[in-house]
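This document opens with one chain alone, in structure tokens, the form predicted alone.
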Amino acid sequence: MKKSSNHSANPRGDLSAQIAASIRDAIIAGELIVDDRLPSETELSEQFEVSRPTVREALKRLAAQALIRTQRGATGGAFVNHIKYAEAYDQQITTSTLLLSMNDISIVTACEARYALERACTPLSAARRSADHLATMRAEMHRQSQPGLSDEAFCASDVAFHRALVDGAQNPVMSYQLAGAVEAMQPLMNMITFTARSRERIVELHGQIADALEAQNGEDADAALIALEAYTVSLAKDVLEARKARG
């Protein structure tokens, strides 16, 4: 691990961030691998020429990112953690949600990105989806068809349907990358279009997707996703134009 320079010119908060970044870089570079034990707080404080509380704060930052874990006892200490894809989904979703909310992303841009990414999964999902993936999609379609289902519950079911489509590709890297696309962008789209959309039309398109995947027909599934994207964009434009006219 490389020691950051100019520590004395920075407040403790900045120092802890620098130390955390240095250790994170060492993990990314492979200098520290899964289950490696980090140097002790005393050793790290000497290495970086800072106080132990500053080192402790840096370790807390790394633990919050799930990059390290701590163990108590004589053989304890801080160890490089084994991050699982499922455990990283929440961070991916949170980051994507913040990016969308803070950078004024248009619905058209969000739809373009989200569906382009999801369509990349479609041929793989058509070839690899399991009976469980199909069952999840069918169950969510049934749920979406229930009278009296709240908008919030419909949105959650919509997300679950598309997550099953993505997970059907059985590629954990793609599932991780698409966690933000589906679970951050889909609620954004639903929030804008829920007053104008036809649930029946959405369930119909979901049925076309599920039928195509069950038949292992990637082209038909892709066509249904394209139709769903066009429907979503059209609805969003109509809603936003109506709001603008009222405003």
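The structure presented is a predicted model; accordingly, all values stated were derived computationally and were not measured. By rigid core we mean the largest C-alpha set that fits within 1.5 Å across both forms. In this text, residue numbers run from 1 along the sequence as written.
This protein has a second form, the form predicted in complex with the DNA, left out of what is shown; the following refers to that one.
With the partner omitted from this view, the residue of 78, 126, 164, 110 that lies near the DNA in the predicted bound form is 78 [heavy atom within 4.5 Å]. The DNA is not shown here, but in the predicted bound form it comes within 4.5 Å of a heavy atom of residue 50. In the predicted bound form, the DNA sits within 4.5 Å of a heavy atom of residue 14. In the predicted bound form, the DNA stays beyond 4.5 Å of every heavy atom belonging to residue 148.
In the predicted bound form, the DNA sits beyond 4.5 Å of every heavy atom of residue 220. The partner is not drawn, yet in the predicted bound form one stretch among 189-197, 26-34, 175-183, 53-61 has residues with heavy atoms inside 4.5 Å of the DNA: 53-61. Residues 70, 71, 72, 73, 74, 75, 76, 77, 78 are the members of 64-90 with a non-hydrogen atom no more than 4.5 angstroms from the DNA in the predicted bound form. A movement of the C-alpha atom of residue 214 falling short of 2 angstroms is seen between the shown form and the other one when the two forms are aligned on their rigid core. A movement of the C-alpha atom of residue 172 falling short of 2 angstroms is seen between the shown form and the other one when the two forms are aligned on their rigid core. Annotation for residue 71: C-alpha shift of 2 angstroms or more between the shown form and the other one, rigid core superposed.
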